[in-house]
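Shown here is one chain on its own, the form predicted alone, set out as structure tokens.
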């Protein structure tokens, strides 16, 4: 049965792939990259047509397998470009097309072999690739590092993508920031609200406010409100782990208030005070639970101090009780 694309005279994905294979065979025989733009167009068209075909297959109740086949073909294209000589400059574009396929299919583990080829092969110099391809590559590899919770590396890659992205392309800047902001929050860097408003990323607004205030209730409300959106984006679990930073801020605020009221005992915080503060925020915990959280903060060096167990008091260090994160992930 012909698909709508076939009926209109446009080749279906299998026939387009046959045309692509024939062109690839000829492309391998040419010593110069004079047909690189055409090769890139073939790669793009095969991916887009495969996506369209899979959507139509799903609608007709059939197994969508065209995008996976397109990925196999693009790996052959990548192999033809990942060689010594002038053709290698086109390899990163095809790599990015493969990333788009793997992310769409949920098979991001397949990205690793391509990344290894790009980053370890001696015949590639990253700076030789076109800027737009480098930006796309850094965006996708940065997202991979977010999934692996390698936040410092993710920060470097996504920041590179942001700094080198076309400043006129607000949609692409927004895509990058959607992942860069959770990474920045994880290493203690809070964005301004004007940035969130400019790029329509207000789903992060209350999360940022909760970190500034030490308001655990607001963090939970923000995560609940935007749960579906954040899960789809793949950053929900990253943001959920910001709880420790919120607890840290809460302890710091209590410390500041006590310093104003009773300077000599500012570094001593009764766990019962923390329990009552959390109750006021609508969070029910007993003393043992609060002690466990404070122990975790001390262990992760988010606060400096120790417990006086008999009196149930958190004793903060008199020198630098709240060390700066300095870009270290929590």
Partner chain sequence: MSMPQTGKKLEVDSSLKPAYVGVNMPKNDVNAAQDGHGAAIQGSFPVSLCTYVERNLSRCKDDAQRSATQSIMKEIITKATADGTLHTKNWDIEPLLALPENAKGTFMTSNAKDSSPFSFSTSRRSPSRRTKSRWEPVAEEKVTNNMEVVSKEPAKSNACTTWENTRRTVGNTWNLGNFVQSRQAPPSQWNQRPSKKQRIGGNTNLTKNGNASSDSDKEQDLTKYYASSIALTNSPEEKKRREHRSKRFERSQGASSKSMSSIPHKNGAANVYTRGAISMLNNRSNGDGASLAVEDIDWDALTIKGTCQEIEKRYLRLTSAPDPATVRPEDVLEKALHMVETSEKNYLYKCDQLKSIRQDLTVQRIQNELTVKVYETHARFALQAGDLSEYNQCQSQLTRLYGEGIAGCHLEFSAYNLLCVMLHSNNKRDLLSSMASLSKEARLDETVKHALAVHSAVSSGNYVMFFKLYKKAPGLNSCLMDLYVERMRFEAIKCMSKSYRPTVPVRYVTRVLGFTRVDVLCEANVADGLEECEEWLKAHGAVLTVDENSGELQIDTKVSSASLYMPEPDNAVSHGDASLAVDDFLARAS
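In this text the structure is predicted, and so the values were computed from the model without any measurement. Residue numbers count along the first chain shown, from 1.
Another form, the form predicted together with its partner chain, is not on view; read the next lines as being about it.
Put simply, of 288, 262, 65, 272 only one has a heavy atom within 4.5 Å of its partner chain in the model of the complex, and it is 288.
Note on contacts: among 231, 153, 189, 201, the single residue with a heavy atom within 4.5 Å of its partner chain in the model of the complex is 231. In the model of the complex, its partner chain stays beyond 4.5 Å of every heavy atom belonging to residue 195. Among residues of the shown chain, residue 244 is one whose heavy atoms approach its partner chain to within 4.5 Å in the model of the complex. Using a 4.5 Å cutoff between non-hydrogen atoms, residue 300 counts as a contact of its partner chain in the model of the complex. In the model of the complex, its partner chain lies farther than 4.5 Å from every heavy atom of residue 170. Remark: of stretches 206-214, 87-95, 130-138, 104-112, the one touching its partner chain in the model of the complex is 104-112 (heavy atom within 4.5 Å).
If you take 287-324 and check each residue for a heavy atom within 4.5 Å of its partner chain in the model of the complex, you get 288, 289, 291, 292, 293, 295, 296, 298, 299, 300, 301, 306, 307, 308, 309, 310, in sequence order.
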